[in-house]
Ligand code: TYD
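Here you get one chain, nothing else, as structure tokens; it is the form predicted on its own.
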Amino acid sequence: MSKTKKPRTRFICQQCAQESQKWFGRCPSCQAWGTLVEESAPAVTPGAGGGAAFGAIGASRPQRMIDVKGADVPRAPIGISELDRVLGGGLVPGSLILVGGDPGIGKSTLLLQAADHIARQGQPVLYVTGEESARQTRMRFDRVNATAEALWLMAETALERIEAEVETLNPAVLIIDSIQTLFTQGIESAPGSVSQLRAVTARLMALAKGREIATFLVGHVTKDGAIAGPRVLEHMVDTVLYFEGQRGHAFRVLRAVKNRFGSTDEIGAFEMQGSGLAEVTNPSALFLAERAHNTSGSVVAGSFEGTRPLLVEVQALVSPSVYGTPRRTTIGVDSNRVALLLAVLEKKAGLDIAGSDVFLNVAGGLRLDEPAVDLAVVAALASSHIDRPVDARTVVFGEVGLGGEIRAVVGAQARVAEARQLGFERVVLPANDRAQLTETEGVQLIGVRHVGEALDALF
């Protein structure tokens, strides 16, 4: 009498995709607690190769690199200039693009507006929603004033049915909202699990490459701000975009962190309005529109995002601490970097600031990660500490070293040009950058080599 074999199972970490034969409370790989979930092991078909999921791409034979055609990547502009900028000039046929962002930030709205622009150019677009009904999506369609007739909508979560409709419709662009809601019948685990995400993404990649369909995938994010699921998802796709913004602010930033067809760290600026997302062609003017003049702790920083210079207001508030341990609160700037700059001010500039509460904010909800904003942060902290305002017509940028020296940064000429365009009359910048720049009409350039020298020039 034969015994029925029990299906083989395994435990997979939903954060790092580590596999284990038994359950652990803490993942042995990423050390996360409570992330191992039991899943059925996929059945192995005898004689099946590992590339079955990529059959749509087709078999290929080795050829000389110089004989490969298609070095000039064709691009199709979407019609939304800020989105085209981030993508590197437009959509590439067959590209796979992953879009992540916090709930309610506007990912679905942005992609629906992009779909409308593409469909109005005569190219069919299939928008697949797994989170909303067709009626809900139509309501958003009307809200953003979309009118395209070649935009098709499908409320579905089964990958096999989506593939069948793609075969029939043959769209130029496919939008999946969201990848975590899709499932394939070949995997027994729930939608959103590591096994489902890997299998579904691999099938969609094969579909996109094989039929040259530009495909957008909307991805949920974790509480840490990273796209949910295994890290392999970001390796499989061609482009990874993050849609960012602060609660309570209408300003949104679309940032490219990976792009096989363009530059990374490029940004696009949008403003959320009642009728959808509106492009912001001059984000510097928007950031500085409500800036208070003659106020201590306020400094305009010359930042750089991708290929775009950006002027933003850095605000600081330094006040005596009423508690035993001074508070340090930062929004938009790395807190560890601010702690370093406070130590430099204490040691190299002689400011007794260690015992004070420090609050730092980047106005408008933007996050600044490049070291060129160091000098502006230092100037804002010093201005608030001594309660003396920085001249409202001054822009500041430069990297600050541990010895208090001011180091050169990239894109100095573009930063100065942006300051001149917006009517600023003075720029404080690293001395090495100043030596390489020519005189700019209407703008006074002040090169500084040390934090103390910069504070003397500002105050």
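From 1 onward, residues are counted along the sequence shown. Model, not experiment: these values are computed from the prediction.
One more form of this protein should be noted, the form predicted in complex with the ligand, which is absent from this view; the next part is about it.
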Quiz item: Where does the ligand sit in the model of the complex: which of 106 to 114, 307 to 315, 362 to 370, 381 to 389, heavy atoms within 4.5 Å?
Solution: 106 to 114
Exercise. Give a yes or no for residue 276: in the model of the complex, does one of its heavy atoms lie within 4.5 Å of a heavy atom belonging to the ligand?
Key: yes
Quiz prompt | Contact label in the model of the complex: residue 163 to the ligand, heavy atom within 4.5 Å | solution = no
Exercise. Using a 4.5 Å heavy atom cut-off, state whether residue 202 contacts the ligand in the model of the complex.
Key: no
Practice problem: Using the partner position in the model of the complex, report whether residue 272 sits within 4.5 Å of the ligand, counting heavy atoms only. | Solution: yes
Quiz prompt | Non-hydrogen atom within 4.5 Å of the ligand in the model of the complex for each of 102, 140 and 143 | solution = yes
